[in-house]
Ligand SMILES: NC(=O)c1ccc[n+]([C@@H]2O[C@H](COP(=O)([O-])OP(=O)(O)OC[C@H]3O[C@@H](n4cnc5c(N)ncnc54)[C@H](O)[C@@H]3O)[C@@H](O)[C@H]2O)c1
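This document opens with one chain alone, in structure tokens, the form predicted alone.
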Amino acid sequence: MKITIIGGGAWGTTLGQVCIDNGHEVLIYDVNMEHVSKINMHMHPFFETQLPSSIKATHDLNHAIAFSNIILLSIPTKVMRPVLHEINLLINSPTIFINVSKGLEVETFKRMSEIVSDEIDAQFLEGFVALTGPSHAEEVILRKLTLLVAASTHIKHAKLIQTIFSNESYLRVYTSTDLIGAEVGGAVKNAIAVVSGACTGLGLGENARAALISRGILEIMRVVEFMGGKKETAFGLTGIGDLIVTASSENSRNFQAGKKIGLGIPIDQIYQEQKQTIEGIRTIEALESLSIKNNLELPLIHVAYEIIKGHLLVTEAVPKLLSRDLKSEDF
């Protein structure tokens, strides 16, 4: 089977290797010529890892779109809409879109599936699947054991992507029909991971991180339920599973960004030093707007927003959270 991957970054290129391991043909598109060149020399653009010899990359979007009727999107959420607009001008046959980017559009609170529906003409949008779950590219590229979820409103599309990406060596994919829950969980956990990193930067300890992850799951559940997903999805791979790996690992760029915030490093400097997109900070901004507009109780997100906007010192975060009204944890 042929698969086009839009985005030759850390995750997109790594998933290209997965597809080739599973016997598929892959063409990766990227605007960065250095990335394209490295991939064509069978070197990963971010990791010191050799890629399979059959992997190919291109700078020609038209060539990439013509290559396959399965398109995997691995690009920052902030450029998702303009890239899809370009794709829509070139596409000429029904296509299944797979998205692996985790975030919400700040201005509209829309999920990536909704943006795909906005930008791709209905006759060319055969289906949409979110491929998501607890996964660091740094480990998947080394073929370390990983579990993911293929979520779609149409189970046949979820099962197709499950079959394409699963193997008996290191990657197992489950299916889900709760697309909303899977997408929202993957987005909100990035925001909570930034807060977790800040806890580490402040030196608060493991007790604090455990508490934060537990309370973070509650905030994920609230957003999932508000947006129409199943709250139970927050307790699966796309919720608590993804949060654990992202909120407790130095491999997570959201965690790393939060850690730097906890150490007092300015946001602008963090952006300059980070080569890859920090989706969690954008998601914090989106969730703060969502919570204000709809009266959602998201105290961790609110405090994080106050910090990144310079309204609150990071050292003032803990007292502000602990001074909230005392309450029961009965659910």
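Just count from 1 along the sequence shown to find any residue number. Computed from a prediction, not measured in an experiment: that's the story for all the values here.
Beyond what is shown, the protein has a form predicted together with the named molecule; the following relates to that form.
- Not displayed here, the named molecule is kept clear of Ser176 by more than 4.5 Å at the level of heavy atoms in the model of the complex.
- Although the partner is absent here, Cys199 lies well away from the named molecule in the model of the complex, with no heavy atom inside 4.5 Å.
- Interface membership of Cys19, defined by any non-hydrogen atom within 4.5 Å of the named molecule in the model of the complex, is ruled out.
- For Ala66, no non-hydrogen atom is located within 4.5 Å of the named molecule in the model of the complex, even though that partner is not displayed.
- Shown without its partner, this chain lists Ile161, Met221, Ile75, Leu237 as candidates; in the model of the complex, only Ile75 has a non-hydrogen atom within 4.5 angstroms of the named molecule.
- Of the listed positions (Ala247, Ile71, Ala137, Ala150), a single one reaches within 4.5 angstroms of the named molecule by any non-hydrogen atom in the model of the complex, namely Ala137.
- Just one listed stretch, out of 49-57, 263-271, 277-285, 301-309, contacts the named molecule in the model of the complex at the 4.5 Å heavy atom level, and that stretch is 277-285.
- Residues of 11-38 that come within 4.5 Å of the named molecule in the model of the complex, judged by any heavy atom, are Trp11, Gly12, Tyr29, Asp30, Val31, Asn32, His35 in sequence order.
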